[in-house]
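Only one chain comes next, encoded as structure tokens, the form predicted alone.
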């Protein structure tokens, strides 16, 4: 499994395999020392090893992902008088995901939540290829028992796995790629050349595109892991049905939001102490969560919007606002923030808002089909039991040969309905 995972990662760029191997080795050694010192009663030494491992992971992430960003900003701050050399390094795909998993391992060891993993088991955990490059962020407490017990190859949940993979491919290849090529990319690349209605549809379209793209990938990752005998946690649960920002983050990228809660928000103080401290912790957590996605001011603003909205929700008194109004406000705050997430720069995001506020004109880019698709995808968020679940139940009851034929037929249909060419997964860049 380790060999397959390293081959998978090295196919993109073989040089970064050594980076992944370093992350595996350094965090395993630190984890072993943490467990050893805790067993000996040396809590301070264990804490020092944990801090060393975390600093090492953050340095790894910081050099590749944030060094050039801060170098440019510091140079601008001093009016260009201080010339800080740029590294212009290629961002290793998936580095944000495997460094977060590595940090959760050493922190959980120090908290005595888990026991140290054997070297080979830890290597499988950190390099496991289905979720290596774009999540979900799996914790050692979830993965270690499954590696240790070794899945029974005679009891593979193939029906459920095929269903997840097909559902994920449909979301990505058909819905996400079609929205990107038909509406979203054109709107965000040149918003002033489109009508205000088209730009607004493009913003809504991106909200659906990123959901279909990212949840589609995690469906595929969870399905492939199931074929290998591993069960991953759910990463999405109809997020656009949320009636508050707090609920949204319980449904969107669940493994990241729970990671930020357990390893950042709560250690900062959480909601303990004064209300002002809670608001500060929310803002810091979401701003850092925004920076985790990328080293631009747009991601900082995106995180700040969510942090501010979460803080405002806590400030407002509990009142019986109609659920439709709560959903409408929540959904549009999310869409407003997505503009900064998608735009190439702050000025590009402003151009999008300026285009929305321009004089209305006739629809040019958007079609009735596109609007119906967006409406249908939003409506589907409110139905917990979908037809795809019926497909899963049916597939799970069939023989393996029937499952294979159905899977192949599904692949052909997806290929037929999907547009020419498929854009890379959005979260590969993080």
Partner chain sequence: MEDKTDTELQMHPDRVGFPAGKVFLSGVAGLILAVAVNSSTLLADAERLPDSRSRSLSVAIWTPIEEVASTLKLTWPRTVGDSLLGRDEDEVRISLQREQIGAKPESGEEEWVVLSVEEEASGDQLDQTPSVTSGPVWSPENPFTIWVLGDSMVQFFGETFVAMAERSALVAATSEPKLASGLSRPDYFDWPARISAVITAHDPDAVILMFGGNDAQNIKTDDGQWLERFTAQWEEEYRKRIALVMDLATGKEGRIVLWVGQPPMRGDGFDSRMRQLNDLYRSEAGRRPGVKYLDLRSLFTDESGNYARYLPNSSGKLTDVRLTDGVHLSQWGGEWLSALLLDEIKKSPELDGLWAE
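Residue numbers count along the first chain shown, from 1. This one's a predicted model, so the numbers in the text were calculated from it and none came from an experiment.
Another form exists, predicted together with its partner chain; not displayed. Remarks below refer to it.
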Heavy atoms, 4.5 Å, its partner chain in the predicted complex: which of 52 to 60, 66 to 74, 371 to 379, 39 to 47 makes the cut? Say which one.
66 to 74
How about residue 313 - does it come within 4.5 Å of its partner chain in the predicted complex, if we only consider non-hydrogen atoms?
no
Is residue 237 a contact residue for its partner chain in the predicted complex, using a 4.5 Å heavy atom cut-off?
no
Classify residue 247 as contacting or not contacting its partner chain in the predicted complex by the rule of any non-hydrogen atom within 4.5 angstroms, answering yes or no.
no
Using a 4.5 Å heavy atom cut-off, state whether residue 182 contacts its partner chain in the predicted complex.
no
Its partner chain: the contacting residue among 160, 219, 108, 121 in the predicted complex [heavy atom, 4.5 Å]:
160
Contact residue in the predicted complex, chosen from 266, 350, 283, 156 - any heavy atom within 4.5 Å of its partner chain
156
Which residues in 120 to 146 have a heavy atom within 4.5 Å of its partner chain in the predicted complex?
142, 146
